[in-house]
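In structure tokens, the next block holds one chain alone, the form predicted alone.
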């Protein structure tokens, strides 16, 4: 008996139907013509980076020890002694930064082209959830190093969570595993980073792509009749090129700017300057210039506006069809984010 016949006997599935559906959903998927421009193909970059994060994260788990006594030493061992350890850790570190950048670029493109408009509102909301999960992974991963900077950044980050109205105190205790940042905090952040957030991220990606396949890629507003082209081969090879380009960039950054390890965490010594990672600068400044509870309330209100923006925008489009509110709101948001981020980096 042939191997193929043996398999078909035990898995009596209509493989021809599977091939037909796969070909229709992926190989021959119609892509709007404007996606031939690289700027419009930013949606693939986050998926590629997430794949790199998962692969390098698995390699790092072979050596990382999630305990206050051994976490810092295990990171040092990976960085300085494990063969290609600095490269794997560098790809993981820089990958988290590029992941946030690629998600922001992708959402910026979606926002300015109004690709969130009916019937794609749900995919916009899922995209925001993916951004939130990615930031959560970055925060929890950053804290696992257990050096001086990451320890105090974790302390400040969890303090800000404590300012959330109504649930702040309970959330703070839950995240830290107590009143202070201790070994319980490290254990919980490791659990979030490895076992809780990644499956949620993968699930939302699957749902995100499924909805995208149901509705198809959004065409530019007012240019719906421009035509389409098949996913394979042109768009497929564009994704392949993007994958190798991203790997080259990550490898270059890992070699030129290898990840450091800093000084071991010391709860008794507070650094003179404590700043979070760059993607949290907006939150950092908001909580710095306003009372923490007010600042967190304002940030949460902005988050609610972003979640319901497709519906808000649709309302204003019906009332004022000639006014492009999303251009104004998007420009203000981007300029504010860039000015604050660059200011905190350079000053």
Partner chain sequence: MTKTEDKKSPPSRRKFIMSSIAAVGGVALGGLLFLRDSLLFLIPGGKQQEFTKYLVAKVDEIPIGKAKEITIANKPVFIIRLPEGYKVYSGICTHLGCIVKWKEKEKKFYCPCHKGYFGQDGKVLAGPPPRPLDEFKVEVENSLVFIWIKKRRGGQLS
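Since the structure is predicted, the reported quantities are computational estimates derived from the model, not experimental observations. Numbering follows the first chain given and starts at 1.
Only in words, not in the display: the form predicted in complex with the partner chain, which the text now covers.
*Report whether the minimum heavy atom distance between residue 180 and the partner chain in the predicted complex is within 4.5 Å.*
Taking the distances in the predicted complex, the answer for residue 180 is yes, it comes within 4.5 Å of the partner chain.
*Given that the partner is absent here, does residue 269 sit within 4.5 Å of the partner chain in the predicted complex, heavy atoms only?*
The answer is yes: residue 269 has a heavy atom within 4.5 Å of the partner chain.
*Taking 4.5 angstroms as the cut-off for heavy atoms, does residue 288 touch the partner chain in the predicted complex?*
Within the cut-off, so yes.
*Can you check whether residue 173 is within 4.5 Å of the partner chain in the predicted complex, heavy atom basis?*
Flag for residue 173 set to yes.
*Identify whether the partner chain in the predicted complex is within 4.5 Å of every residue in the set 155, 159 and 292, based on non-hydrogen atoms.*
Answer is yes for this spot.
_Contact assignment for the partner chain in the predicted complex, among 120, 114, 238, 188, heavy atom within 4.5 Å_ = For this set of options, the contacting one is 188.
*Here the chain is shown alone; which of 247, 129, 105, 274 has a heavy atom within 4.5 Å of the partner chain in the predicted complex?*
None of the other options qualify; the answer is 274.
*Would you mind picking out the stretch of 211-219, 260-268, 135-143, 194-202 that comes within 4.5 angstroms of the partner chain in the predicted complex, counting non-hydrogen atoms?*
Heavy-atom contact with the partner occurs in 260-268.
*asked:* Residue by residue through 294-308, which ones have a non-hydrogen atom no more than 4.5 angstroms from the partner chain in the predicted complex?
replied: Nothing in this stretch is in contact.
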